[in-house]
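One chain comes next, on its own, written as structure tokens: the form predicted alone.
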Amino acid sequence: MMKLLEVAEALSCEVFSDEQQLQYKVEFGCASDLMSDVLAFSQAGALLLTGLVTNQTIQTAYIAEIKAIVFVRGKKPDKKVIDLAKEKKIPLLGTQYSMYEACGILYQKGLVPTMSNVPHKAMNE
């Protein structure tokens, strides 16, 4: 489990939400640009990493009970996306890292993937 503040620091994130939301905790991580995969394979309480910066992403995250979203590859949400995320109380962050790099960094910090039956060990053990 990680606080969003830890995620933001690990990924050098820009914060598009209220600073107080950085105290929220995420239990799992998932990554996809396909919202159908998010609906099928994510778990409630997860952090979503995606490059898809649309209202559909926010709506999908809300339905899937995603706790927060990190936009990768330097993508930035427009005002409509930010406003919808605020309405749905979904924190938004953005990083310059690629999805692959961001996932690796968070995995190394101990954030576990969603829907996994494979035991995980920290990469630096």
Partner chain sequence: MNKAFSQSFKIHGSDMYNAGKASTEIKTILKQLGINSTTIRRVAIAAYEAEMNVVMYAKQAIMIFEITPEQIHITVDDEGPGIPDVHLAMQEGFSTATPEMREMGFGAGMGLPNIKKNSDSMKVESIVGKGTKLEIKININ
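Given the structure is predicted, the values throughout are model-derived calculations rather than measurements. Residue numbers count along the first chain shown, from 1.
What comes next is about the form predicted together with its partner chain, which is not displayed.
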Q.
Check Thr60 for me: does it contact its partner chain in the predicted bound form (non-hydrogen atoms, 4.5 angstroms)?
A. yes
Q) Is Gln96 a contact residue for its partner chain in the predicted bound form, using a 4.5 Å heavy atom cut-off? A) no
Q.
Taking its partner chain as it sits in the predicted bound form, is Lys80 in contact with it (heavy atom to heavy atom, 4.5 Å or less)?
A. yes
**Q.** 4.5 Å heavy atom contact, Lys75 to its partner chain in the predicted bound form
**A.** no
Q: Scan 64 to 99 and write down, in order along the chain, each residue with a heavy atom lying within 4.5 Å of its partner chain in the predicted bound form.
A: Ala64, Glu65, Lys80, Lys88
